[in-house]
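Included below are structure tokens for two forms of one protein chain, each presented in isolation as structure 1 and structure 2.
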Structure 1
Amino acid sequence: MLRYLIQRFIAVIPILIGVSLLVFFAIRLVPGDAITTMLGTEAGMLTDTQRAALERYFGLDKPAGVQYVNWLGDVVQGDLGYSVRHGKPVLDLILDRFPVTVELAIMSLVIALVIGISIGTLSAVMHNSLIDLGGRLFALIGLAAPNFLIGTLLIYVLSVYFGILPNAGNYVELNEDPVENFNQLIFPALTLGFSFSASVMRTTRSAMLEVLGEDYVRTAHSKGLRPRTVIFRHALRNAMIPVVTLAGVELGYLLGGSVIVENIFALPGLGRLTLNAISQRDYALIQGATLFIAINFVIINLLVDMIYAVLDPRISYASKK
């Protein structure tokens, strides 16, 4: 087991290097030279000497390979560059916004798991009944409706029928006013949670159907255990393994910041920061944020793999290379 974990960990390193290469050179492919993209229209006022000095200062006069190595050296030390637009280091900006995204991710995940697992279990236990049909319909619609549609619909319903405007006002941090913070996050979290609950429901349902057909479940039933005990104690626990994997992968996505939902609800999270950086052509920030999100994603997926290995002792990793 330990060997497997170490192997998995080592395998991640070349991927991270590849990711950094891709991000670094993708930004270099953007038309226009770096000084112009950094300063925008004001670059036109630079004299040739000033421009050359700036190029030397940012190391742009060196070959691309050298630039990459220097950049990577900075990144490893936690220096993701400097955002000219915000007048702040990129890492500070990211870490400032990250808590919002984390909070939103956790809330959405909890909502999705509660809705998805209960409907999925109900659907599987009452296989082929009217409730099952309703559950499957719910999942079909949930999979087809993009989160920006759910978000816009939610805002419409709230403002027209309840007179609430969820995306107005300044964001309040958790430690400032927990109640207000909850009020601001609950609707975006519901949007993301509902979106994701459809796939949780589907996975739970098919895993439960499989487990309910197993011999040990029949044995438990014939022992005379109450149906509730069999379902919750014997079946559901085993059916949760694929759901845990799914939830882990989704958490990786959510921690990258939901660009669209954060934007609809005007939440100052990582996704909105990235989108604003894109529309303002703040390349240092785009590069830093993209790298941060991708590294996050890789690490979360690695953790999911590890948890999976611990959770499911049936899988032997020794034979699998």
Structure 2
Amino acid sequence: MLRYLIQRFIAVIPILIGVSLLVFFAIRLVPGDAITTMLGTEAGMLTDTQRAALERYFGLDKPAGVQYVNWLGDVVQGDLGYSVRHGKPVLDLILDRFPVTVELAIMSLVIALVIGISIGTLSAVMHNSLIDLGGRLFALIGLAAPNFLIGTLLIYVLSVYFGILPNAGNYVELNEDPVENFNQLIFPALTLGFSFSASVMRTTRSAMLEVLGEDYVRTAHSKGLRPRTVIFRHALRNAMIPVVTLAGVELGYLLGGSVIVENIFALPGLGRLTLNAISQRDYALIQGATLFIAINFVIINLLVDMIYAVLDPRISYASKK
């Protein structure tokens, strides 16, 4: 296991370098620069000497290749750079916003898995029944409805019409007021979880239908085991492998920041921070946030591989060398 994890870590190093290269040079192809965006209309009043001094201060006076090498050297030492817009270290900004995104991602994932696995299992067990038809219709609506539409409808119906959804305002930390924090995050989590639950439902239903037709399931039935025992102890466990894969990928996206939902509900998360950094040409913040998101994907993929072994002991890491 340890040797496999080390091999995986080594294998993802080229991927992380490729991501950093792509983001570093792509953002510099966008018209405009960080200094002009930072100063706004006052940038036109700068003399050439003043602009050169600012570029030298932020390290923008060097060629792009030199800037990348210097930045990558700092990253290896744990320094993601300095945000010209916020006036703070990039790592501090990311760590300040990341807990909001983590909490939202976990709540969304739990909602999606509970709803999706329940409906998917029920649809598979009651194949071609009205319940199965209703489950497939639910999945179709969930996949077709975009997040911004669901979020906007929730705000209108629950906040404007019923007055039970708190309007956008100051975000309350979990350790300050857990109840208010939950009230602020439950509906954004439902918005994200609803769409994801549709994918989970379809995957669970498909995997369960395949597993229920296996010989060992029929053998379990022939031994006189209760249907509930066969479904949950034998069939569902083996059907969870594709669901775990789907959940791992989706969790990576959620931890990268749900840009649309965070903006709709005015949540100070990582996605909103990254979107603002792009519009403000905050190079260091964009590079640092993107690399941070890529590392999250790597870690989650490793955790998913470890969960595979728990769900199905037949999976051998030795065969993956």
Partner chain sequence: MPAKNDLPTVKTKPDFSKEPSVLRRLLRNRSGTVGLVIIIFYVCLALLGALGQTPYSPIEQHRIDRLQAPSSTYRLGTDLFGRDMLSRIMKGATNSLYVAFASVAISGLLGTLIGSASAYIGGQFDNIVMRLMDIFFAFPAILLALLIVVVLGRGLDKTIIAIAVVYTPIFARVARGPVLSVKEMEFVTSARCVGMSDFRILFRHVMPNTLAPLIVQISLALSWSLLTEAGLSFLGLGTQPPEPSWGVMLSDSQGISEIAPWLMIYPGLAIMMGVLGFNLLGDGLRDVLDPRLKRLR
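Please read all numbers here as calculations on a predicted model, not as lab measurements. Between two forms, the rigid core is the largest collection of C-alphas that superpose within 1.5 Å. Just so we're on the same page, residue numbers count up from 1 along structure 1's sequence.
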Here the form predicted together with its partner chain is displayed as structure 1
Taking 2 Å as the cut-off, check whether the CA of Val12 shifts that much or more between the two structures after a rigid core fit. no
Superposed on the rigid core, does the Cα of Gln280 end up 2 angstroms or more away between the two structures? yes
Ala266: after superposing the rigid core, is there a C-alpha shift of 2 Å or more between the two structures? no
Phe58: how large is its C-alpha shift between the two structures, with the rigid core as the superposition reference, in Å? 4.1
How many Å does the Cα of Leu302 travel between the two structures when the structures are matched on their rigid core? 3.8
